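First, one chain by itself in C-alpha cells, the form predicted on its own.
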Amino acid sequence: MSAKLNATNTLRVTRIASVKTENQTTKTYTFKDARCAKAKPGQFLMLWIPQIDEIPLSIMNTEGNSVSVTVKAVGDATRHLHNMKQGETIGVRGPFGNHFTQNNGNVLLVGGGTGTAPLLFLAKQLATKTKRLSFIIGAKTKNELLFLNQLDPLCTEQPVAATEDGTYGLKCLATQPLETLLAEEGKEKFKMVYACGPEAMTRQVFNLTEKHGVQMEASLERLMRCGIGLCGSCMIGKYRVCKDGPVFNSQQLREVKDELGISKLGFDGNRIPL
C-alpha cells in the first residue's frame, strides 16, 4: 500500500462540529478533517460510528478544514448516527474514489433523495464555469426534497422539482422532466448530464442520455465495507465501485447495463434484485 493511500486509509478521530436537521429523516453533519477537506465532488469517505459500524457517505461540502455529509436514517448505523450530538466523537477515513469531471458547456444535474448532496457540491464548483446549469431534483414527497434554496442561486434557470405524490412541483418521477429537457428544440444541446440517486433512477437517466446522444456521469452506490477495493462487496460488472468509481461515465455504464438498476451483491455475497 502506497504511503499516500495508507495516510488516506488511516482512521482519524474527530468530533461532530454541528448537526443540521434537513427534514424528518435526514441530517447534515459537519466535522473537521484536513484530508477529507481536500476532496473533490463525487468522492466519498468512510464514517466510523463508535461501537456500531463504519459507513460510506458522499461528501456534500468542504470549507476550510471542515467537511459535511448528509445522512438519511435508513438502517441501524445511520439511526445511531442520528442520535449523536455536537461534540461527540466519530472516526473518518478517506477521501476515496474518483470524482466528477467538470464540463464548462451546458450541463444538467439530476438528483434523487440524498443523491442531491454530492451534486450540490458539484454545482457550487460549476456555477462560475458553465454556460447553462440546469438541475432536476426528485423525491417521493415535498418534505424529502433537499437543498432547493441552495441550488436556486447556483442554477442559470429555476431548478425543476418533481415529487411522486405531487406535493411540490411536478407530480412525476425526475426522469419525466429530464426527457423534456433533453428533447427541447431551439437550444444548444447539453454537453453532460450528471446523476446521483436511487439506482433505478440512474438507470432511466442512462437510458434517456443514450437515446438523445448526451454524455453522462453517474455516482453509484453499492455495499462498501473496505473503501479501497480489497473486499469486492461493491462489484458491478468488472468494476469495484469504491476504487474504480463511485463516478462512472457513459462508456463504463454501457459495460454494466445488465446489472445497472437491476441487481447488486448482498451481505452474503449473493446477487439480489434491486
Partner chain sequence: MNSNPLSTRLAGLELRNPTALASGILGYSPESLQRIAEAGAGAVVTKSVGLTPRVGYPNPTVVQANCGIINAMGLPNPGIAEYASEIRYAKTVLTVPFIVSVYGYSAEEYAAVAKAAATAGADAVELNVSCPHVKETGSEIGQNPKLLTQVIRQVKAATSKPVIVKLSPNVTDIVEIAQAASAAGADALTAVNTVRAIAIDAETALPILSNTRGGLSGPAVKPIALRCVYDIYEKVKTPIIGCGGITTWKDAVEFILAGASAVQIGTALAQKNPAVFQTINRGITAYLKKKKYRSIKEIVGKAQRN
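Since the structure is predicted, the reported quantities are computational estimates derived from the model, not experimental observations. Numbering follows the first chain given and starts at 1.
We do not show the form predicted together with its partner chain, though everything after this point is about it.
- With the partner left out here, its partner chain still marks one of 155 to 163, 175 to 183, 138 to 146, 87 to 95 in the model of the complex; by a 4.5 Å heavy atom cut-off that stretch is 87 to 95.
- When its partner chain is considered in the model of the complex, only one residue from L220, M60, M46, A39 comes within 4.5 Å through any heavy atom, namely M46.
- At least one heavy atom of C231 is located within 4.5 Å of its partner chain in the model of the complex.
- Proximity of A17 to its partner chain in the model of the complex: non-hydrogen atoms within 4.5 Å are absent; the residue sits far from the partner.
- For the chain shown alone, V13 is a contact residue for its partner chain in the model of the complex, at least one non-hydrogen atom being within 4.5 angstroms.
- Within this chain, M224 lines the site of its partner chain in the model of the complex, having a heavy atom no more than 4.5 Å away.
- Along 232 to 254, a non-hydrogen atom within 4.5 Å of its partner chain in the model of the complex is carried by G232, M235, G237, K238, Y239, R240, K243, D244, in order along the sequence.
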